[in-house]
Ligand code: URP
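Only one chain is shown below, in structure tokens, and it's the form predicted on its own.
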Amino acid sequence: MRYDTIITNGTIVNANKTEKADVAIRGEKIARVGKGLAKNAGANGTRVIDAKGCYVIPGAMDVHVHLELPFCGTVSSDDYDSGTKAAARGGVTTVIDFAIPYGKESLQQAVDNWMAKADGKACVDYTFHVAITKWDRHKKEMAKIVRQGLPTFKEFMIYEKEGWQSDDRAIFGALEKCRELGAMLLIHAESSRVLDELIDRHHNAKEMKKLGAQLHGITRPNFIEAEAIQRAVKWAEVTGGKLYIVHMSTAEGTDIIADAHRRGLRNVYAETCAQYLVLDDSLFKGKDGHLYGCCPQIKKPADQARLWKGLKRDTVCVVSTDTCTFTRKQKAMWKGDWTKIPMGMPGLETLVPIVYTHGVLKKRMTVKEFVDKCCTSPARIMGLGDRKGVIKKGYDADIAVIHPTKKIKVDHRKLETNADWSPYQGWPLAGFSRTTLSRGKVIVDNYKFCGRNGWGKFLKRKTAGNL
């Protein structure tokens, strides 16, 4: 039987097992997984990719990115060109962005706006979460949006000035509606009123001159996130709606999710991001401390340790990045006022290497658990588990080949991102993708991007929130 491509001599890693076998691809799908498939393949015109000494993993999925996002008085510098090229080089073959309405826009207008950003540019597959910012109007559109293949919505507990904030009434109602529609609600969980009070208390010239970017952490103590998560979990419990806490950063939040699971609330999920696993708030003391401003902010080593344990115990189901890239010039807009820092960091290209190096190589997780948290669980929870996240016959041929020990030193000048800095500059990381395939097409070869704009396609989904 003729195949278009065969990956041979590697160790296939799925979330449930590892095996020495070949992967045969025909068209955009995995046609067969088995031993000895590469025998005489070259004579049939089949492309043979030798993965000797490497892991062959499902393409990773970053379910939390912001590309070309108008935010904090500027626009994030990675778009669907640079952002999805960065994803490909990092072994990420699917991204999920957020379609956010601005002003009086409808949900449909937001979706159309983000579709236009991606169309013709995306190098990997993509889909969207749709943000609900005006509950009384947007609730009427939710069923229509789900029918279009977008069953995940998002509400923000903060960002009142941006016009994005949802109150408890809106969150409660959205969870009920999601239960009705088979959809899932993503929540940015921070307690806005207390957060605003703390910001007001410290927003003075004397403290800003003395503490600078450290005030970003001082005004966001852990209880700001924890209290908000507790509230969201309670609304999920009483409504039965599926809840997904985005970018969880605290030990306390992890404990709350663990307690919810102990009480049998299987409709509650949580993700963390790579930066919360490896960066801490001591960075705010440095000369470039403002570069690390993100929301929620990086926390302390104790929070890192608890999040890693949460990943090991399935309390935390997914690792994403919350990629929102700003250049040094954009970050300099703060001019000493931490409330004006464009919040976000680059991360798409380093997601897999960070989790692999600091998770697998440091014995915090097995290689199968790494695949589960970066590939398989994200696909299942987001409604793509029938075609993504597993190396199996019939699934999309989204695959990354990574060397188990080869480390590459991070240098922003050699990355695809438009950022002129990296939070991980100079870090030696293993896990960069030597070869990336998106639906059977090689888009990274020998660590270099070789794909094309427009190859990525929009992914329709029927439901979400099922692990």
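Just so you know, these numbers come straight off a predicted model, no measurement behind them. One-based numbering along the sequence shown.
A second form of this protein, the form predicted in complex with the ligand, is not displayed here; the remarks below concern that form.
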Spell it out for me: taking the ligand in the model of the complex, does every residue among 66, 159 and 188 have a heavy atom no farther than 4.5 Å from it? yes
My question is simply whether residue 151 lines the interface with the ligand in the model of the complex - judged by any non-hydrogen atom within 4.5 Å. no
Quick check on residue 247: any heavy atom within 4.5 Å of the ligand in the model of the complex? yes
With the partner left out here, check for me: in the model of the complex, does some heavy atom of residue 324 sit within 4.5 Å of the ligand? yes
Residue 344, heavy atom within 4.5 angstroms of the ligand in the model of the complex: yes
I need to confirm a contact call. Of 308, 71, 334, 172, which residue comes within 4.5 Å of the ligand in the model of the complex, counting heavy atoms only? 71
Contact residue in the model of the complex, from 130, 146, 390, 294 (heavy atom within 4.5 Å of the ligand): 294
Contact stretch among 379-387, 235-243, 197-205, 316-324 - heavy atom within 4.5 Å of the ligand in the model of the complex: 316-324
